[in-house]
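Only one chain comes next, encoded as structure tokens, the form predicted on its own.
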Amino acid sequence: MNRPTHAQESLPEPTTQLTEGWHCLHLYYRVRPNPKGVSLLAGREELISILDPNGPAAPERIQVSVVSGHRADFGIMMMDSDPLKLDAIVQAIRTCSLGEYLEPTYSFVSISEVSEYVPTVEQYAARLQHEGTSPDDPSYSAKVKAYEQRLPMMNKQRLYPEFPNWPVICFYPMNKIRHPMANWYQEPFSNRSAMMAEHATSGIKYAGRVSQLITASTGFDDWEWGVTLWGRSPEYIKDIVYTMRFDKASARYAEFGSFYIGYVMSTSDLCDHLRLT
């Protein structure tokens, strides 16, 4: 009998679970025309049950929205530790009574993460000194202590986010450019970190008006990141995207995919809006 080597014994057990964080799935559907006179009422109730955030098969997070524009009629965003639990929702929609009337038009697969550019407490302290705040300054210790207290909560929100109960949602994929004259991946980490710090500073100005979640998709989808924005009102989405495009990390190194803008509502209200009656 072959015995496992020491290296094999130390390998983790195969699993679909992440070491930390959740799987994330964005789905977009178009509603196909249904034959005149055909009632979709039974299928509507079935769809409401499938997408019920409190249902027995519900993932950790699920949110639906009506989508503006021709690319889709509605969108679903889901997160869970088990990717097959997310796919089970996809299959339930496909095989439900309304399945033949719901055409998938786009999907995006990603996972939650804590970015490598989120400073540790030590890096944050060093940044304060670099910006001119002396360690002898009473504000220095206060800022470092406040950041140390906030960091675990901020990282938890990045990995296991709560979805804001705000009316507007925007999603778009993005890459960092690999152009010979502007290759993000050939920049030293210190330069990349400084550019991302500038980018974060621009975003912080919209705290309370826009909430942002960045999910990683390298190896999972055609783009490297997915950006989900929730806004208290539509104009805040436009304002933050426009403002942050002037940051060097975006102006020189970013490319973007299609933008999907939607309006969050309950599944029942969604079905009413889509005339699924």
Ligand code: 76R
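None of these values were measured; they are calculated from a predicted model. From 1 onward, residues are counted along the sequence shown.
Just so it is clear, the following notes concern the form predicted in complex with the ligand, a form of the same protein that is not shown.
- Remark: of stretches 71-79, 198-206, 98-106, 135-143, the one touching the ligand in the predicted bound form is 198-206 (heavy atom within 4.5 Å).
- Taking the partner from the other structure, the ligand in the predicted bound form has no heavy atom within 4.5 Å of any heavy atom of Ala194.
- The closest heavy atom approach of Lys85 to the ligand in the predicted bound form falls outside 4.5 Å.
- Remark: Val31 does not count among the residues lining the ligand in the predicted bound form, judged by a heavy atom distance of 4.5 Å or less.
- Contact between Met174 and the ligand in the predicted bound form is found at the 4.5 Å heavy atom cutoff.
- The putative spot formed by Val67, Glu162 and Trp166 is not touched by the ligand in the predicted bound form; no residue has a non-hydrogen atom within 4.5 angstroms of it.
- Note on contacts: among Leu128, Val118, Ile111, Val90, the single residue with a heavy atom within 4.5 Å of the ligand in the predicted bound form is Val118.
- With the partner omitted here, the residue from Val241, Ala58, Leu40, Ile48 that has a non-hydrogen atom within 4.5 angstroms of the ligand in the predicted bound form is Val241.
- Contacts between stretch 142-156 and the ligand, counted in the predicted bound form as any heavy atom lying within 4.5 Å, involve no residue at all.
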